[in-house]
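Consider the single chain below, provided in structure tokens and representing the form predicted alone.
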């Protein structure tokens, strides 16, 4: 065993192959700030290079192997020691040996499954990252690189409107209606509020968007409610028979898709909360869950081509052949 390699160390750098062209997305960090990360979708290949640069040229670096991992994990803040990995892929880049000069290693994780959206919340974090490691006997050298994953949805087939009533016997009767129950993140909530009976003096009325994050199971369930938006409907007393229109634009708010029972660890749900305040400062609430989903900005060409191939495979029809031709034109154009 050589003792000369103890004085050697190295820097690791992970570079994506399409770093110059790949889109970046803003994502909130644990301290509430926003940073930009490379954006990926489910099924996309993750490939690049690992650069291992020796700090002391001329000295050799002994190692027990060099590897890169692609990891998707959930971390619950009240259980910091445990990371729940739902994706864990490993590629060996070099066998045990020694390095006498800086080296670059290529890697590729093909068509990686990324089932959930990246998320940083009050009590939980879901993240994806690449981790390159030079394995050593005493202390490993490693470098992590976070990426962001967005989950895209298609337009929901069933999207019924929401109708609700708020009533206090012989005092108040209000009906409110929203145009649908499922909204994409850049959507507009359109609705109307009808005052059928008003015998209490209402001085203020608003709609709030509430985000409810639920973590844990059984007795150790934590709920965190966060008011994302407040939309004032009126300031002053309504009269019987009056109707008030609502237009609430979602694009300006920090929203995520609805996330239900993610890996049996957490959920994120959204609610429209109608709030009425009377002149004696009494508050009346009515809450309704809505579903939020992320719509793709642009259908990526490779996806349209894959979809056409899939339709041809299953249908074998002339229509699917023309779809394949159209996708090929898009690719070349």
Partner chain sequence: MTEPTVADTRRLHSKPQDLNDAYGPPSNFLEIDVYDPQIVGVGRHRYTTYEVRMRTNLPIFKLKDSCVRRRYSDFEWLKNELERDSKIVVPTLPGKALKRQLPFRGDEGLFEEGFIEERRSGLEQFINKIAGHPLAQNERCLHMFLQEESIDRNYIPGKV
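Here the structure is a predicted model, which is why all the values come from computation and not from measurement. Numbering follows the first chain given and starts at 1.
Only in words, not in the display: the form predicted in complex with its partner chain, which the text now covers.
Each of 168, 188 and 192 places at least one heavy atom within 4.5 Å of its partner chain in the predicted complex.
Put simply, residue 228 is far from its partner chain in the predicted complex: not one heavy atom of it is within 4.5 Å.
Taking the partner from the other structure, its partner chain in the predicted complex has a heavy atom within 4.5 Å of a heavy atom of residue 284. Taking the partner from elsewhere, residue 31 is found to have every heavy atom lying beyond 4.5 Å of its partner chain in the predicted complex. When its partner chain is considered in the predicted complex, residue 140 lies well away from it, no heavy atom lying within 4.5 Å.
The contact with its partner chain in the predicted complex, taken as any heavy atom within 4.5 Å, belongs to 179 out of 120, 258, 103, 179.
When its partner chain is considered in the predicted complex, only one residue from 164, 251, 90, 200 comes within 4.5 Å through any heavy atom, namely 200.
Contact with its partner chain in the predicted complex, defined as any heavy atom within 4.5 Å, is confined among 126-134, 171-179, 212-220, 72-80 to 171-179. The partner is not shown here, but in the predicted complex the stretch 238-257 reaches within 4.5 angstroms of its partner chain through a heavy atom at 239, 240, 241, 242, 243, 245, 247, 249.
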